[in-house]
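One chain follows as structure tokens, the form predicted on its own.
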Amino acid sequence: MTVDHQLSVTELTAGYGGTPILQGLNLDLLPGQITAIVGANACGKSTLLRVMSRLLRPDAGQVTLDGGSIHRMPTRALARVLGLLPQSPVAPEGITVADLVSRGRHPHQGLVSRWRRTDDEAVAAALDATRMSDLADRSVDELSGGQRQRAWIAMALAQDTDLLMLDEPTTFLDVSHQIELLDLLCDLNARRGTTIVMVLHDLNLAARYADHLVALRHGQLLVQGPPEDVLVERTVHQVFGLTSRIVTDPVSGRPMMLPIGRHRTRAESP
């Protein structure tokens, strides 16, 4: 089982080139749960993950892990606790799937690098979990977009952290592999208690798989809570400017959003 860690964001302001994306944001992640961050394009979802994982330094405010600033933690120590799969990562040219996944074990190596049986086991388990074992010797350059995404996810799993952040992990995956991945993350959360934070565009998948939803709007936290409290018609309209109907998902019992456009509605004239 993993250790529960408290990751908190306080009065956070961050952006790029002097232009703020996040402004005065406060957020406490729930240890041991799955949190999905949702919102319109350019609302700050990816920026928030980058700041929380120390890839981007905030302009104001702070991010703390168990009460201490993440910017004061040694890099290797932080990487043993917190893992991040960013959007569109780039693999070194010619690297094999197995070599890429093995890089997830680097934070667990000592000053004098020693590869141990536990490292082999972690890599093998990550490849198996993502169904990439048969492609372990293939070059990442030769993979399809979906296979490449699964290879990166395997690397993140091999890192074996207590907190795992994923920025749009279902990108490039067809619907069956999207469900397979989200089921895998749920298994990881249930089996090890891993705290998982992910950015998702699909509101219905977010509501089905997450314990907690965080909705951002214009760089600020609009609302957070369990799916039944967040995925409501008013919030969908505030966040996306979209008229919708919320019904009960017949599979999960969670809320499900049905978008209403200008065409193909039952009220539409023939």
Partner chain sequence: MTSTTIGILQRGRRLRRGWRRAMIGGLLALLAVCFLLALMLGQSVTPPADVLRVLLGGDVAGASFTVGQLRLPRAVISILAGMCFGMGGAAFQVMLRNPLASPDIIGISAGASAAAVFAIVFLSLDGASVSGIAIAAGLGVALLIYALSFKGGVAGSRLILVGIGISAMIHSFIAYALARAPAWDLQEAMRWLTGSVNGARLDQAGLLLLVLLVLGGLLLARSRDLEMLRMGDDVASALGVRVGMTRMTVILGAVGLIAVATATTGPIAFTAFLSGPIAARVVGSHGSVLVPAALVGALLVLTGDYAGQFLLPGRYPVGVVTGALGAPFLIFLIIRANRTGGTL
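Residue numbers count along the first chain shown, from 1. Quantities reported herein were computed from a predicted structural model and do not represent experimental measurements.
Another form, the form predicted together with its partner chain, is not on view; read the next lines as being about it.
- Heavy atoms within 4.5 Å of its partner chain in the predicted bound form map, among the stretches 184-192, 155-163, 168-176, 142-150, onto 155-163 alone.
- Residue contact check for Arg54: one or more of its heavy atoms lie within 4.5 Å of its partner chain in the predicted bound form.
- Within this chain, Ile196 is remote from the site of its partner chain in the predicted bound form, having no heavy atom within 4.5 Å.
- Its partner chain is not shown here, but in the predicted bound form it comes within 4.5 Å of a heavy atom of Val123.
- In the predicted bound form, its partner chain stays beyond 4.5 Å of every heavy atom belonging to Leu200.
- Looking at its partner chain in the predicted bound form, residues Ala79, Leu84 and Arg117 each place a heavy atom within 4.5 Å of it.
- Of the residues in 168-200, none comes within 4.5 Å of its partner chain in the predicted bound form through any heavy atom.
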